[in-house]
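In the form predicted alone, a lone chain appears below as structure tokens.
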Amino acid sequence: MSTEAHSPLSQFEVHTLVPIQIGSVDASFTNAAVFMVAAAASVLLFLSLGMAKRAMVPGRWQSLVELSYEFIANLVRDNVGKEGRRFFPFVFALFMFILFCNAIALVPYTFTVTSHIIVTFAFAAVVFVLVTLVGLFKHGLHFFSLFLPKGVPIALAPLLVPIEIISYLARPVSLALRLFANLTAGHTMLKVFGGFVVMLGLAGVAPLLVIVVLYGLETLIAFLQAYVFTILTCIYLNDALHLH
């Protein structure tokens, strides 16, 4: 067996399953696409099962769905305000999709979609474009006052405006890197300690205990990183709507 197969990073390799070439564009269906479809299907199944009966006294599935709905609704209300209601479907879909991508990756022999920065950057780019368009449509050119905080002397504008612009443009990069780095690092550590268990045999009890702890931590991170991505999206929407 090749050494590449034992590499902790081999789990993140993208493999073509169905080659599709459209002109010069490679639109092949890959293992990454399979698990993105699986995540989307899982979200739809979760919501469908939870809301199938719509009982006055909710069962377990319905309670979970309602809890998810209320959690994101409160998040949007607290961080964006009443104007954020129209963005709830987007924020809810974003949170659920990232959460299920992260959760599915915890199942052995699956693929970690959010371990690829191109995927996390795509999420972040959509948020960045949406926030910018919302700000421009609502405030017009006044939106650019976001780059000069209130009460700041005009003399400091040449210094502060470039800093604020760079900070604004760095938002999608920081969003993408945070999600990508946490998921990649965590799953790499699980792979490394898993290799120790196999190599040490009976003496691998200590690494096995570490894996159990790491797995619990990764479960928490799967939720936490979806939450952080979502709450930052809400904060950016609030800035665009209210120019705070």
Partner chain sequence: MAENDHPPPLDELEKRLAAARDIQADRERGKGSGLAAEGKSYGLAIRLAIEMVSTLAVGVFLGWVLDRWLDSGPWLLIVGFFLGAAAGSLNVYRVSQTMIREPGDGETG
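Residue numbers count along the first chain shown, from 1. What you see is a predicted model, and the numbers here were worked out from it, not measured in a lab.
Below, we turn to the form predicted in complex with the partner chain, even though it does not appear here.
Q: So which of V129, L141, L169, V107 reaches within 4.5 angstroms of the partner chain in the model of the complex, heavy atom to heavy atom?
A: That would be L169.
Q: Just to confirm, with a 4.5 Å cut-off on non-hydrogen atoms, which of L49, V192, L177, L64 contacts the partner chain in the model of the complex?
A: Result of the distance check: L177.
Q: Let me test this: is every residue among P162, A181 and V213 within 4.5 Å of the partner chain in the model of the complex, going by heavy atom positions?
A: Verified in the model of the complex; spot residues all in contact, yes.
Q: Mind telling me which stretch in 131-139, 80-88, 154-162, 98-106 gets its heavy atoms within 4.5 Å of the partner chain in the model of the complex?
A: Going through the listed ranges, the match is 154-162.
Q: Though only this chain appears here, would I20 touch the partner chain in the model of the complex if you measure heavy atom gaps against 4.5 Å?
A: No, I20 sits far enough from the partner chain in the model of the complex that none of its heavy atoms falls within 4.5 Å.
Q: Residue-level question: is V173 within 4.5 Å of the partner chain in the model of the complex, judged on heavy atoms?
A: Yes, V173 sits close enough to the partner chain in the model of the complex that at least one of its heavy atoms falls within 4.5 Å.
Q: Evaluate V25 for contact with the partner chain in the model of the complex, applying a 4.5 angstroms cut-off between non-hydrogen atoms, and reply yes or no.
A: The answer is no: V25 has no heavy atom within 4.5 Å of the partner chain.
Q: Residue-level question: is F223 within 4.5 Å of the partner chain in the model of the complex, judged on heavy atoms?
A: Taking the distances in the model of the complex, the answer for F223 is yes, it comes within 4.5 Å of the partner chain.
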